[in-house]
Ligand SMILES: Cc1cc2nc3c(=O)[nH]c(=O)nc-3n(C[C@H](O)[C@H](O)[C@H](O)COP(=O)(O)OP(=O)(O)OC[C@H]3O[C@@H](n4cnc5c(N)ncnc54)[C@H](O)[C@@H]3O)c2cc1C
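Consider the single chain below, provided in C-alpha cells and representing the form predicted alone.
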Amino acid sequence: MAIIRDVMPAFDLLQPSSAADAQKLLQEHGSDAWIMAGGLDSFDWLKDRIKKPKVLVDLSGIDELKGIRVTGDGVEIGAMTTLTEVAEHPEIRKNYSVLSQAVSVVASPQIRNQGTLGGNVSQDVRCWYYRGGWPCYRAGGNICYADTPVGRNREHAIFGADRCVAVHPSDSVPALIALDAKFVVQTSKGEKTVDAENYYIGPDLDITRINMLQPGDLLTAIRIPSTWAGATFYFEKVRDRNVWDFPLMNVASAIVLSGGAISRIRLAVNAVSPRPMRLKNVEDAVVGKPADASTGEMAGKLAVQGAVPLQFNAYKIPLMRNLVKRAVCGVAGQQAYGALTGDLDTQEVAWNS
C-alpha cells in the first residue's frame, strides 16, 4: 500500500511579534520547537512527514528581523529579509555585489520573493536519502546510503566526509564568508556573534546538525563589515538547470589588489563538503602574487589537494580546480559552464580546457 505524505502532522502554531517573544518560546519548548522563516525548507520536511515538531514558531510577523540597515561599519541584514530584497538593495549592489550576485541565482524569482537570508544560510542538507526518510547516519541510523557501491552520489562531497557525504546547499554562504560576515545569534545567555564560516559544523562534530544553533537559539541578523566594501568580487554557480536547482558547486572571492598583485583575499566554495569551505591555504598561497592565469592555475591545483571523489562525482575535482582558478584570476565569461548537459566525460574535458 502506498504511503501518503501530503498531509502535515499536527503541531501548535505560534506566531510571536518580537524577537524576544520568539526566543522565549524557543527556550520554553526546546527541542520540540521548529523555527520557520520563509517556510521553503520547513514545508518540505513537514509535508513529507519526516520532521514532526510539536510546536512551530513562525517568525514572519517579527518586523525587527526584517530589513537592511547601513551602519557606520558596513550593513546589517535582518535574518527575515527576503533574498529579493538583499539582491536589489542599492548598498549591497554597490559595495558588496558578490552577495547580490549569489542570492540572485538562488532557485527562482518566486522562491527568492519568499525565501529569507536567514533561512537560506540555515537550511539543511539536500541528500535524497536523508530527505526521503531513510534511516541514515544523519537521521540517527548506522549507514550512509549514498556512500555504498550502489549509492547515488553525483551531487555529494569530495571533502570532509565523516559517515555523512551530503553537502551544504546554500548559494549565499560562500559570498558571506568571502565578505567576512558575522552571524548574530540570540541565546539564553545573551547575544553571540560568530564568523560566517564558524556558524557551521561538520559531521565529525555532530552528524545530526548542520549549524551551531542549539535548542532555544535564534539567528537574528547578519552583519557585513566595511572591510571588503568595493573589493574585486567573483561569484559563479554551476547547476544542472539555470533556475530552481541547488548548486553542483559554487565559488565566491573578494580580492584587494595593489599594483596588480593580490594584497588581500578571501575565498570560499560550497557543495563540495558537508559544511561550507573557506580555502585559507589557497588565500595564503596567492597573497603577493599577480592576479593572473598562472596564479589562478596554482590556486586551483592547491584547492583540490586531498579531494576524495565518490563513485559518481569525480567531475567535481576538475570543476573545483577551474572555478577556483577563475575566482582568483577573474577570467571573463563566468557562466560559460553554468549548465551541465551530456555525459560526464565530455564535461570533464570542458572543465579542463
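Please read these numbers as outputs of a predicted model, since none were measured by experiment. One rule holds for the numbers: they count along the sequence shown, beginning at 1.
What comes next is about the form predicted together with this ligand, which is not displayed.
Residues Met36, Gly39 and Leu218 are all found to lie within 4.5 Å of this ligand in the predicted complex, as judged by heavy atom distances. Although the partner is absent from this view, Thr116 contacts this ligand in the predicted complex, with a non-hydrogen atom inside 4.5 angstroms. The closest heavy atom approach of Gly74 to this ligand in the predicted complex falls outside 4.5 Å.
Remark: Asp171 counts among the residues lining this ligand in the predicted complex, judged by a heavy atom distance of 4.5 Å or less. Among residues of the shown chain, Gln123 is one whose heavy atoms approach this ligand to within 4.5 Å in the predicted complex. With the partner left out here, this ligand still marks one of 108-116, 84-92, 257-265, 224-232 in the predicted complex; by a 4.5 Å heavy atom cut-off that stretch is 108-116. Although this ligand is not shown here, in the predicted complex the stretch 239-262 places heavy atoms of Trp244, Asp245, Phe246, Pro247 within 4.5 Å of it, in sequence order.
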